[in-house]
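Given next, in structure tokens, is a single chain: the form predicted on its own.
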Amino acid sequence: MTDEATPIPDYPFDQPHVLEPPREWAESRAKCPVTHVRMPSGDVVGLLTGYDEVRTLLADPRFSRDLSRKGAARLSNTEDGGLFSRTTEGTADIQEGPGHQRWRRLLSRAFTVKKMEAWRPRVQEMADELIDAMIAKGSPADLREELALPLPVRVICALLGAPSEDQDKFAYWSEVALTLTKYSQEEVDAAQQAFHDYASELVEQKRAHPGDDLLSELTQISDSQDGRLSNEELVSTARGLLLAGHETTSNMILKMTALLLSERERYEAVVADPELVTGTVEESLRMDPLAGVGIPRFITEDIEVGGEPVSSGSSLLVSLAAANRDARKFPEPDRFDPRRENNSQHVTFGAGPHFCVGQTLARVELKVVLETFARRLPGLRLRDTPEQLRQREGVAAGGLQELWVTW
């Protein structure tokens, strides 16, 4: 709740250092279900930081993903308002509702637990190759350059049938697409067009020379003219998978490693007992201190959130990372506990009908990375102190700029 005497804080909040959450997360939860913050665009949005309120909102169809609606808050300082307000060809019908369900049914079949586990040996092989090369170059190494970026790119490119050599293009286009303050509208427009052209050409190559990959399979579906997937939806899907398939996992590999090595007994526990890998990955996901801005929603009718009235036509922003620190759900939420019984109930991958379709793949990659570190690099350490680590500035995704490690 806000009043005229209370200044509205700027968002994202400042942090003591990159591995410590902002104090405003706990303060916001203690005040009321909906506090207010000012985005880089200057627009004010309601902020949700409570676990139950976040889960409820993400599952409720009255909270729309479509922020191109009139009156919706804009997050970025670019003219188009940023990623969530940007109108992209081929996304209108699959963004929510029955169209999203149709699109999700097509994609979900490719990301089942069984299929992703079948990919584990290939992910392991890729991780070993990259770590071999990192070790050969010698200590110290920037983990972002040597593993955290190339591994998810190689994995999603192999899954889609795209060339992984273009990883620097994907990284740049993704970062520009996620800008809050870092890039201009001209840079956004140019990157959007280049990414669209790239994805369109890739789809045409798959159409002409289909292979044993997801994009070739989806190309055949889009050509079937049965209404399941249009060509523009396919191009948009290819872009979305290339972006999401590496951006979030790359960030999380760095954040998980930093969280473990900054208090090294966390890492030593995994080295001593590999059975802790799954719990450690889940607890790292839950305690992610650099999760980005969160997920915005447009309110389509007057409702209440936790007893707080919210008007139709306003916007709310859910902080997944803040919700994961809610003591009502996770007792002693700032304590890292890989044996926490409910740590897999975090909302890092969202909730409801838009729950991250690729979360199983992300979990496989994170587990492979941690298992490989514990087995091959038991002496792994941070080169810098937590206070010296630098976060990515001006983009909605959060994350670390780099992470230098020694062994």
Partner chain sequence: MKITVDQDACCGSGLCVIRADRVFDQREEDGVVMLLDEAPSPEDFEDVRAAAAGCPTGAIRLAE
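Numbering follows the first chain given and starts at 1. Since the structure is predicted, the reported quantities are computational estimates derived from the model, not experimental observations.
The form predicted in complex with its partner chain is left out here; the points below concern that form.
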Practice task
Look up in the predicted bound form whether K114 has a non-hydrogen atom within 4.5 angstroms of its partner chain, and give yes or no.
Solution key: yes
Practice task
Decide whether R105 counts as a contact residue for its partner chain in the predicted bound form under a heavy atom distance cut-off of 4.5 Å.
Solution key: yes
Exercise for the section: Mark T372 yes when one of its heavy atoms lies within 4.5 Å of a heavy atom of its partner chain in the predicted bound form, and no otherwise. Expected result: no
Practice task
Mark A351 yes when one of its heavy atoms lies within 4.5 Å of a heavy atom of its partner chain in the predicted bound form, and no otherwise.
Solution key: yes
Handout entry: in the predicted bound form, segment of 375 to 383, 66 to 74, 353 to 361, 24 to 32 with a heavy atom within 4.5 Å of its partner chain
Key = 353 to 361
Handout entry: Triplet R144, R335 and Q388 all within 4.5 Å of its partner chain in the predicted bound form via a heavy atom
Key = no
Completion exercise
its partner chain in the predicted bound form has a heavy atom of only one listed residue within 4.5 Å, and of R264, K137, R122, R109 that residue is R109
Practice task
May I ask you to choose, among T181, S230, Q101, S311, the residue with a heavy atom within 4.5 Å of its partner chain in the predicted bound form?
Solution key: Q101
Practice task
Can you tell me which bits of 172 to 207 touch its partner chain in the predicted bound form, meaning any heavy atom within 4.5 Å?
Solution key: none
